[in-house]
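A lone chain, given as structure tokens: the form predicted alone.
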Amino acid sequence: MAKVIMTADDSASVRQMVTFTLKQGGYEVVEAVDGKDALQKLAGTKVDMLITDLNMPNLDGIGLIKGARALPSCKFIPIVMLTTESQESKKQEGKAAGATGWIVKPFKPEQLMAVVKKVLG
């Protein structure tokens, strides 16, 4: 059975690119338009990994990570931030919230796949 990865990003083009890349790699993808949408979907969907943007309306990536980590089904899944932010302070904030890794946009599909394979084993 294919592993399921959720991608949360308010940019439709980024979601499309991430979804396309992951599907090419044989993964199933659940898309969310922001952190709030992602949390609602996480409550009813088992995912193996979460890839989230940092800056989103309604609920940002840090809020989403904290919310996801509070769900028993998401306590130990890998969560990767995919964002234009590259400051060390933001990375520390992400790590403190429970992020597993960090990819800076714009990203290359092979870079995304390498991270996914590394964290999903």
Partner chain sequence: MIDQHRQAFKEEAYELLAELESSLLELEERPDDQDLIGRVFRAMHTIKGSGSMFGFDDIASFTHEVETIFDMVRNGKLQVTGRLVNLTLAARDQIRAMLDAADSGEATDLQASAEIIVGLRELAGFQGQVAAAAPKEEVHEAKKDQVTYRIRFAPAREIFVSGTNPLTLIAELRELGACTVVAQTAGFPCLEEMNPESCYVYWDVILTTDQGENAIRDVFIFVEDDCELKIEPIAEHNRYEEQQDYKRLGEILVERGDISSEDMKAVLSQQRRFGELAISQGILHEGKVQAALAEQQHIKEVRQEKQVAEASSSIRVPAERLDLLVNLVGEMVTVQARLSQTAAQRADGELMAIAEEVERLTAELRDSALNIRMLPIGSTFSKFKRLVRDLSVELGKQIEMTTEGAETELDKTVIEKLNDPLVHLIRNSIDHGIELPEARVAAGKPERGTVHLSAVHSGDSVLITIADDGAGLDKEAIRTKGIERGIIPAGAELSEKELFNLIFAPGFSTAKTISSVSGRGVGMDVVKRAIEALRGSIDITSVRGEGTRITVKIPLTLAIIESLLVKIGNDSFMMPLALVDECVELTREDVAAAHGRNLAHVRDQLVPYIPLREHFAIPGAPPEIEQIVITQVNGVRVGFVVDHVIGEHQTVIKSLGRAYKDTEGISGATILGDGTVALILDIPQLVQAAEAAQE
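Residue numbers count along the first chain shown, from 1. Since the model is a prediction, treat every value here as computed from it, not as a measurement.
The form predicted in complex with its partner chain exists for this protein as well; it is not shown, and the discussion that follows is about that form.
*Applying a 4.5 Å heavy atom distance criterion, does Pro78 contact its partner chain in the predicted bound form?*
Pro78 belongs to the contact set for its partner chain.
*Taking heavy atoms only, is Met56 within 4.5 angstroms of its partner chain in the predicted bound form?*
Yes, Met56 sits close enough to its partner chain in the predicted bound form that at least one of its heavy atoms falls within 4.5 Å.
_in the predicted bound form, does Lys66 come within 4.5 Å of its partner chain, counting heavy atoms only?_
Output for Lys66 is no: heavy atoms all beyond 4.5 Å of its partner chain.
*Contact of Gly101 with its partner chain in the predicted bound form (heavy atom, 4.5 Å)*: Looking in the predicted bound form, residue contacts with its partner chain include Gly101, since a heavy atom lies within 4.5 Å.
*Could you list which residues of 99-117 come within 4.5 Å of its partner chain in the predicted bound form, counting heavy atoms only?*
If the 4.5 Å heavy-atom criterion is applied to its partner chain in the predicted bound form, 99-117 yields Ala99, Thr100, Gly101, Trp102, Lys105, Pro106, Phe107, Val115, Lys117.
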